[in-house]
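Next up: just one chain, as structure tokens, the form predicted on its own.
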């Protein structure tokens, strides 16, 4: 018998505010096309006061999942049925997957960063001393995953002592790493013993493309690996300064691609075509 036609696309997407410049649709739609999947990725503006209604809409539309970006990564927790253990430790969710009629919160940010660090920079974080600039959502995800991966020392540098010490207390209490907080009052000098330096702030993100973190760039040494989580633009002034001093650099494109690939598999059950996703993103950024 001929098979009945199926015109229904499976829906996923992202909730955020602002969200118009979020490029995740580019890599996810490229992956759907490459595997001939009838799926669609929707970029949806959701104001903070409308998040609960948006999650109800996700359920009502039988969407297969959603990404969360600013300002919803923490606020969404109370609207889900369950939270993965690592996402619970991080205290934030950037990906929701459907399991039957339940919505499960995951966090792929730190995992995406780790995969990029290992595969693109070819660096195993186990036993390494890492300095992370910032203590927001990206920093929480990255430091937790680095700690779980065996980083020996984590230094969190942040303007707000409250947020910074809260993160350090979490790392020291819940993981085997040794974490400390440094107040970012003045120009920060990177310690000589640092193996990895990560900008986990939004400094330098489009449209503020000329901005860079306030650090003493002459304290960056050639044997350091310097990472930026910002994908747009990928070649930030922060990374340019590090390159000028001979450091190995890692831009935010890999983290974005890999966290998207992890989300793709959570939703579809299929391995993501990572190189297809990377090429699509690079093309969108004119690289």
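Values in this document were obtained by computation on a predicted structure and should not be read as measured data. Positions refer to the first chain, counted from 1.
Missing here is the form predicted in complex with a small molecule; even so, the following discussion is about that form.
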Partner-free chain; cross-checking the small molecule in the predicted complex, the single residue of 76, 147, 200, 196 with a heavy atom within 4.5 Å is 200
From 242, 46, 256, 55: within 4.5 Å of the small molecule in the predicted complex by heavy atoms is 256
* Answer yes if any heavy atom of residue 95 is within 4.5 Å of a heavy atom of the small molecule in the predicted complex; otherwise answer no. => no
Using a 4.5 Å heavy atom cut-off, state whether residue 170 contacts the small molecule in the predicted complex.
no
Wondering, does residue 188 line up within 4.5 Å of the small molecule in the predicted complex on heavy atoms?
no
- Item | Proximity of residue 135 to the small molecule in the predicted complex, heavy atoms at 4.5 Å | yes
Partner contact check in the predicted complex: of 155-163, 172-180, 123-131, 80-88, the stretch with a heavy atom within 4.5 Å of the small molecule is 155-163
